[in-house]
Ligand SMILES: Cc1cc2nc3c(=O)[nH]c(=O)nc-3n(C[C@H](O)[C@H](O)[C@H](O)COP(=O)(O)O)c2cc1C
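Next up: just one chain, as structure tokens, the form predicted on its own.
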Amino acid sequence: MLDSEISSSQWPSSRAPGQAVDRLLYASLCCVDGPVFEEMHRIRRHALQRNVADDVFVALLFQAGWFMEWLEGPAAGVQAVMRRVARDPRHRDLRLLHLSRGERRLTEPWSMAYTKEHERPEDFARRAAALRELRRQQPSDPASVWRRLSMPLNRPGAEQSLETDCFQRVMVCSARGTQSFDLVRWLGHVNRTRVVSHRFAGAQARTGDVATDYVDLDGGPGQVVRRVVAMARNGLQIGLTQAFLPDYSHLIVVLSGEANSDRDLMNILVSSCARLAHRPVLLGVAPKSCGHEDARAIASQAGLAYLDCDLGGSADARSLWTVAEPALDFSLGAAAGGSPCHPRQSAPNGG
């Protein structure tokens, strides 16, 4: 069976939110010769068959010469996967990072991520060892472990924010074009901070590989660090993306004014948030001529909070951020139950 032949109707019933499963993360040195992302696609084809049979959902990361894998499922299934991993010549020097029992976060049997972050293997190993030691004293959930290793904060002095997960996460998606990525790259330029890029793929081959960029911004005196993540539209359908959606306070939706494109994006958002206990506030950014009625109706029917932000003229990155940023401080972010820390609260712009 090929990955393109796997349908969600064949996924195990225990993917339902709230069901307790074993959750395990490990890191291992990558021993793959040749392009690693291509090898990860080959791993996906085989893993989908076996993992579905074992009722185990998996996310696999490659970074700095290391694999990191996140497994969720019944104890017997997780143990079966780990026995196969131990025999796999593409891995060596396995290191357990996290083991717990709790709610399943991953929403599909397979997700994978690849980062070209310029980090030495020994530096990744050092961070993994420090995190393992810290988590012995401060138990955490697997999402926090994954985030700390795969997406470390890029602001000086932000270590405490990362350790406590006390920083705001905001996602940006655009209905058409690359406006979400243009915004993140512009923020990196004007704030003189690095933009980090990843590639993602999920269980469904039709979703394709997608890109994501993120930038970390200083919150100013007394304010938390703010992370802004640009996500490709199809990326919202990937299980690894959905696993982290509850941690976002807001999701900036850049509407195009083209009815079908805007409706398609809103329907993807509704589907991606359908099984989440805590959902981000949707912040619609659109030209005044576009209107928000259709997007607001789709969000309301799905029980999602939706705030309007109108663009006065240009839809360039500066204009998008000018209208969106004040609304990110609005108190509905706390009501959404997303990021554990929120900056000052003020009235939204255009809402």
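Quick note: we count residues from 1 along the sequence shown, nothing fancier. Keep in mind that this is a model prediction, so the values were computed, not measured.
Form predicted together with this ligand: not shown, discussed below.
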Could you tell me which stretch in 47 to 55, 284 to 292, 319 to 327, 305 to 313 has residues with non-hydrogen atoms within 4.5 Å of this ligand in the model of the complex?
47 to 55
Should residue 299 be counted as a contact of this ligand in the model of the complex, where contact means heavy atoms within 4.5 Å?
no
Would residue 185 count as touching this ligand in the model of the complex under a 4.5 Å heavy atom rule?
no
Residue 88: heavy atom within 4.5 Å of this ligand in the model of the complex?
yes
In the model of the complex, is there a heavy atom of this ligand that lies within 4.5 Å of any heavy atom of residue 110, even though the partner is absent here?
yes
26, 43 and 81 all contacting this ligand in the model of the complex, non-hydrogen atom within 4.5 Å:
yes
